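Here we start with a single chain on its own, the form predicted alone, put down as structure tokens.
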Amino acid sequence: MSVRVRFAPSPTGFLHIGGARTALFNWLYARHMGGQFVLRIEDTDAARNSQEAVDVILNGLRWLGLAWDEGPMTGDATGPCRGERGPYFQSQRRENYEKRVEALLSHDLAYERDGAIRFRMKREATVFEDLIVGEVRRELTDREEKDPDFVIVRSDGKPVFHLTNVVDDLEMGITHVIRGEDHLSNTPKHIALFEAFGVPAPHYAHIPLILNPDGSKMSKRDAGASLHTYLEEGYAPEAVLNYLSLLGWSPKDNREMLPVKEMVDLFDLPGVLRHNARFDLAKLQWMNGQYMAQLPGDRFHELCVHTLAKAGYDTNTYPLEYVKGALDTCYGKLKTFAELPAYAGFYFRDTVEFEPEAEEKAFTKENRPLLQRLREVYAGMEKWDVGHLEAKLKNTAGELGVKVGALVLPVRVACTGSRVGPSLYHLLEVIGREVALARLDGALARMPV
């Protein structure tokens, strides 16, 4: 059997971290089994849905690298994946639901009451084998014993989730439904609908919920609940993907740092844990730091350039070697990419933007002759590289009878505008003699005489 799974979010706001984890588990299982990963947007509730929310879902999946395998072609795809196949939209499949409802009505498996269409639910308990939970036996509640039937089309003509979900899974040939455990109570209704349509239900696998550290259910308002937060705050998508994979799943060797290929190789539904997962933001931050310190150079450069572009810096106006050299001085220094514009934006500005506190501390009357002397020494250097820049500064400090730090601070602030940043000698080498001397002159002009 060829495995076919799907991720079917509703575009009602943002992509919840739990939804992103569900998408990941479906994607991993499809890749592990050599199957297909289908993306379906459940947008039948027009009052709650928006194109902006759809874009958030698509861009979040793209950011994580979770490419879907099929769907209608879109001539102008949203975001960077132009020409990709778009997801399926339930709002475009209404005829399918109407035909299925007519079939149920014609076989007396559904009926109309008060303008709505209700499905004739079976009157006994439902028993099924869940690939994660195990055997599930769902008895009818007291209310259901009196009236187990449920609405599949509202009185306004709109199909209900239970119907659209089952019809789409049936017609798309979904073999495995991997979804959150909060959907477990819906499964008996879905199995009954499959039986009414005369086809076997797919295999169900309900994954544990994601909880807050205190054990409460993670809601949209809780810290860390939105995937968009990590995109905006400059996390490495590889780190977020890795952390999400460990929320409810454990590889056989209990390792934590897993490249995507190894995740695919190791992932299987029996490895999904039965107990709920607790979200630990500190653990994610730690993992992000580990990933950022180990990213291959080209990938680090790519993510840096993307972050700078979002902050308004056009690195395309600079030589490629200059850009790489500048970004290399930041490698291993950042906790998130969101720190990059403040840390290294000076490389990509024509003028220095001084932090007031840094300027006040560095540009003093006492520091002026020190900086003036170092400027003269640097202007006379024959070779402009890290080793010579460091040696000249230290020699000048000795000549002037001051500590090295007395020169490092004003030079750093003069060239970057800040008291913190990349290694001073490396950044001086990158910006070059002409720019460095011009920035030292600009600082001297701001210092009291």
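Start at 1 with the first residue shown and count on from there. All values derive from a computational prediction rather than experimental measurement.
Another form, the form predicted in complex with a small molecule, is not on view; read the next lines as being about it.
- Of the candidate stretches 108-116, 177-185, 136-144, 356-364, only 177-185 has residues whose heavy atoms lie within 4.5 Å of the small molecule in the predicted complex.
- Residue contact check for Ala443: none of its heavy atoms lie within 4.5 Å of the small molecule in the predicted complex.
- Taking non-hydrogen atoms only, Glu42 approaches the small molecule to within 4.5 angstroms in the predicted complex.
- Residue contact with the small molecule in the predicted complex: Phe161 places a heavy atom within 4.5 Å of it.
- In the predicted complex, the small molecule sits beyond 4.5 Å of every heavy atom of Thr329.
- The contact residue chosen from Ser245, Ser226, Asn165, Thr315 relative to the small molecule in the predicted complex is Asn165, the criterion being a non-hydrogen atom within 4.5 angstroms.
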